[in-house]
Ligand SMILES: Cc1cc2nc3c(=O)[nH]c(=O)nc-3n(C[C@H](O)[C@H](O)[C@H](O)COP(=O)(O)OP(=O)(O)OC[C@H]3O[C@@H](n4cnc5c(N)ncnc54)[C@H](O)[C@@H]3O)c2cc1C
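Take a look at this single chain in structure tokens; it is the form predicted alone.
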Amino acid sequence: MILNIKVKILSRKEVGPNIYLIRLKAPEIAQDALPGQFIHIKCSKDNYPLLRRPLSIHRIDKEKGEIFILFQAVGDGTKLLAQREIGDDLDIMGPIGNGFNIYPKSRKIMIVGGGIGVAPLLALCEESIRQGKEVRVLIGALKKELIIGEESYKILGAKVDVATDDGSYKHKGLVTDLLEGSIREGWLADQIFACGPKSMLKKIVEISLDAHIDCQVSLEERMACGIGACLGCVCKIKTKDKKEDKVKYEYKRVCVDGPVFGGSEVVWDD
């Protein structure tokens, strides 16, 4: 059930250039939230901007009744959200969407995040480790200053590697290079989970298909209503017609049908 409630800001920290981590007291959301879901936030105290902003749930603490959001302040809405203060009440809706599906039989989990795409992946890492999985995390960023969450993943017990486009930290190149290298070295995950730029996700899906590894991706899309009514965030998805044994296509809503989809289902070049 999607709730519309007011929650209190418990802490707010700038963790990178224009990148903010906010902790919220939200026991009703925390109780039901799954890794990969998001909340829809009214960013200001007035009616500008009119539309809410969809932000992934970064961490879920069911015991304390808290959730975290991690976001980059780039537009009017997120810039206003970054200015909100500890103690403020936020009007939010959630949890919304389908989360990641960790298969019980999976033993090895690969998590790949690009840029602010790491936002929904820490909760996934926590849950994977809680289930006793072996987890590796690959983080990609343009440069060292924009790397987010490396230590958080290490604290959980995951093995972490990082790639930067400019070579200012660790591997110089793309995070997909690290994924290909891991597979070449023989570390084959049972599942790959990814979030980040579309070009990165497309390449990860190609790699996973070649290696015959199940892959799930979290899509980033502009949203209006956030609850499936406006059809403003549709993406093209391949489906299988069992009767005619052929591939068909349909448009699904990223907000409520996603944001997590099977990588091989997404039509990337449309």
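All residue numbers are counted from 1 along the displayed sequence. Predicted model, so just to flag it, every value in this text is computed and none were measured.
As for the form predicted in complex with the named molecule, it is not shown, yet the points below apply to it.
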Task: Among 27-35, 59-67, 201-209, 214-222, the region lying within 4.5 Å of the named molecule in the model of the complex by heavy atom distance - done: 214-222
TODO: Have a look at 116, 124, 163, 110 for me and say which one sits with a heavy atom within 4.5 Å of the named molecule in the model of the complex.
DONE: 116
- [ ] Please pick, from 182, 152, 72, 98, the one residue with any non-hydrogen atom lying within 4.5 angstroms of the named molecule in the model of the complex.
- [x] 72
Task: Close approach of residue 76 to the named molecule in the model of the complex, 4.5 Å, heavy atom - done: yes
Task: Stretch 46-60 - residues with a heavy atom within 4.5 Å of the named molecule in the model of the complex - done: 53, 54, 55, 56
